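Just the one chain here, laid out as structure tokens, in the form predicted alone.
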Amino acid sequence: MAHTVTHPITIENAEKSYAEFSAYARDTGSETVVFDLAGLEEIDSAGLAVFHRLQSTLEHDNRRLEFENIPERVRQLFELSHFDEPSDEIETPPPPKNELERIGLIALDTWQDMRSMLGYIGRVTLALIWSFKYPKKVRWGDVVRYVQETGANALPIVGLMSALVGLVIAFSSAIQLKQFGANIFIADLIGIGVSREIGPLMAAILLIARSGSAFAAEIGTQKISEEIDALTVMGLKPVPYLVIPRIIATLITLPLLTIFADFFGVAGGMVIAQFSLDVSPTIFVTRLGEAVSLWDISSGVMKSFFFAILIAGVGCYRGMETSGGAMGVGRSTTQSVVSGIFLLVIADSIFVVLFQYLGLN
């Protein structure tokens, strides 16, 4: 038997109506709760929320909510609010039946991700070319803000970590150098190692952790809140509007952070040279100037330009691909850090092999 609704359901009596309907659904005990809406003359969004809430409660108990004699105006409101669609529960696909099927699903997901990434790389490349061709149309105000966030705000942690890493490397090497009486070569080891590898990598990894994850979280939140869709509706392309300012800012800041990391890494090694190997700062700096060439420093800075595009590009890509609410934002942030560090190590390995092959090491 259906429960007849005879009064309006508006924001003024929404709670009262929900209590009445819940009591009826609880008292009937049947699997299908039916409401007769022939006498329903007025309903607003609060009234729709009452029925949505009641439907969710019933579905949680494996029961159904149905209506009969729905007035045309109420039917239109139901259609506009997608009342006949399933509730917020996410239907998860059944688990794979065997390992072969699992491998196939992983391969398909990887292929889709690669296709999406290739399309993203193409859009970013075209947008960068457009930015260099029309620099006045770049949102330089945002670029300055991201330079502040990715560069100036990162100086303390980059300097501290680089100094500590240089200190640890020098301390570990001092034990071996003492055995052979090669104390002076601590300057060669620290200078070349930090300028070529440690400085660029340390600055890049810290930038991934600080800024790459922040880019993913910011753009991911905008994606979830449909702000990116709003930009598209307004005729603004998301890549030039959101991604390009972040990439340009990272291109500016990471080379400077690399030089900053080189300085503090060498300073940390010089402290250990003084106290563990009796190499004075004057002798250390003199030997450093003889051992470290301009190519050693410039090669690290050159790599940082490629690292910058990689870091900002991956962070923004993970943000643009976000889905699934707050959990999706967290997942994208984690993926941006993990995939960013992985690709960073791959890129650095390619540079090492390439320089060795070209005889530049």
Partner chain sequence: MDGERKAVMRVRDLEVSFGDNLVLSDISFDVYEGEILVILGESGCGKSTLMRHMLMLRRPQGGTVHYGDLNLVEASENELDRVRRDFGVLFQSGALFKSLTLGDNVAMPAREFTKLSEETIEELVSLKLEMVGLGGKQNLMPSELSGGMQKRGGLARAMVLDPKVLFFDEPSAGLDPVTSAALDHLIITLNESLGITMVVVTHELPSIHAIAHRAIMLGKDRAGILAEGTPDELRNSGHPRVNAFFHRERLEENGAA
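Residue numbers count along the first chain shown, from 1. Values in this document were obtained by computation on a predicted structure and should not be read as measured data.
What follows is about the form predicted in complex with its partner chain, which we do not show.
Look at 101 to 109, 225 to 233, 171 to 179, 206 to 214: in the predicted complex, residues with non-hydrogen atoms within 4.5 angstroms of its partner chain sit in 225 to 233. Judged against its partner chain in the predicted complex with a 4.5 angstroms heavy atom cut-off, the residues 16, 18 and 53 are out of contact without exception. Mapping the unseen interface onto this chain, residue 123 falls outside it, with no heavy atom inside 4.5 Å of its partner chain in the predicted complex. When its partner chain is considered in the predicted complex, residue 75 lies well away from it, no heavy atom lying within 4.5 Å. By the criterion of a heavy atom within 4.5 Å, residue 287 is excluded from the residues contacting its partner chain in the predicted complex. In the predicted complex, none of the heavy atoms of residue 140 sits within 4.5 Å of a heavy atom of its partner chain. Counting a residue when any of its non-hydrogen atoms is within 4.5 Å of its partner chain in the predicted complex, there are no hits in 12 to 31.
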